[in-house]
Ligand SMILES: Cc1cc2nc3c(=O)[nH]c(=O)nc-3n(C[C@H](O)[C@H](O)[C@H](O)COP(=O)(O)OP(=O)(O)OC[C@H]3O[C@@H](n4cnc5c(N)ncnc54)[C@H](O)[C@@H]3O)c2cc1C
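Given as structure tokens, the chain that follows is alone and in the form predicted on its own.
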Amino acid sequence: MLTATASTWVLRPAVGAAARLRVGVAGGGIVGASIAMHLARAGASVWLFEKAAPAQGATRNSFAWVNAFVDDTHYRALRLESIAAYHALDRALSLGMVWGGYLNWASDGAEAAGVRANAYQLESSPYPVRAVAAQEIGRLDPNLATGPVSAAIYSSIDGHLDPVQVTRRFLVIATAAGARVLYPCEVTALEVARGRLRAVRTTQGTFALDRLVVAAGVDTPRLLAMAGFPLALRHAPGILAHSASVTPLTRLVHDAPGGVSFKQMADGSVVGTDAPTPPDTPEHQEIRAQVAQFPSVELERWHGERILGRIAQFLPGVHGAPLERLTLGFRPMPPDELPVMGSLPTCRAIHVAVTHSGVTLAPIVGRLTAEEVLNDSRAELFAPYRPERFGVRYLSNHASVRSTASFE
């Protein structure tokens, strides 16, 4: 198991740096909440601006699986650091995380290759997964009905959480340390002069600030354009079915045959899906093209009941459980699928923190972003994820976006 001491999440800024800085955080999801919490505990004057309400965007609609499954060695190291930080935060703040591990199995030879590819992603890490036989799956999770098993792996370090609850917990700690959380409060313009941030205009007034961190999920491109930095995110919709609470059945995160993924939350509800995106049918074209809602309640319910039915094939205890809700979320997916972290080349006082792995990375992004903001430093772990990696060609290809910038 990954471990970290409770002190590892306590930020130590340069002497006197925090007290001098007025910092705004745009975005009240789990990443923005973590950043605000770390900044406030270090002594900065913090305002968090949330357009709607905390944890109501990508955070609420996340599967919230905390894991290190990526091919890139550096990115995996960042995720492992964040998992260790989660252990410290879970102990210190009583986040209610479920550290049950992860099980991935296949029913035939074609799917077995995908299971082995997953195992390879952690093979060279300090926490490799291990192959398990069908009999051992029964011991790991006796309530499963796996069907035929052609290959299976188990990862002991994975966990999951209630993303809304954890976000709210971060904000409670942030406000106790003096942060002000404002919502609904939309950022409407930035006052920037000679490359320096002066203030942020919002629907609740204008705030003089020294630094701004943009952690606004899919709204990030709109805010960065105000600072003269165009960032195009990929459109990435996803759906999750949430059952009503049922008796405790499993603590693991599961990837089952046929693309079915599921877990059971601490409150007893079972959450899962059976595809990374809504199907390519006429009824879903608008959702697949842009941020939009389901065209009918009937279609939404059909998806939810259908997904729960597929989960029940592998977790029979879910059979007959009522559908509580179906969530449709839009993941903040950078163009190269890697995080975008750090100060902008167009204005060093404005920082960005956007990633489709917001739940897994929230603790480490919160701590390292706060360190960079307070100490005017550049964290080594963020080196491959700087916004300037998109370069001059990327900026020139998106030059039309720059016309929306608001400068004074």
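The numbering used is simple: start at 1 and walk along the sequence shown. In this text the structure is predicted, and so the values were computed from the model without any measurement.
One more form of this protein, predicted together with the named molecule, exists but is not displayed; see below.
Per the 4.5 Å heavy atom criterion, the named molecule in the model of the complex is contacted by stretch 178-186, the sole one of 178-186, 105-113, 118-126, 191-199. In the model of the complex, the named molecule stays beyond 4.5 Å of every heavy atom belonging to T346. By the criterion of a heavy atom within 4.5 Å, L381 is excluded from the residues contacting the named molecule in the model of the complex.
When contacts are judged by a 4.5 Å heavy atom cut-off, T369 does not count as touching the named molecule in the model of the complex. Heavy atoms of G101 never reach within 4.5 Å of the named molecule in the model of the complex, leaving it off the interface.
Of the residues given (V166, A216, L224, L315), A216 alone sits with a heavy atom within 4.5 Å of the named molecule in the model of the complex. In the model of the complex, the residues of 315-334 lying within 4.5 Å of the named molecule by at least one heavy atom are, in order, G329, F330, R331, P332.
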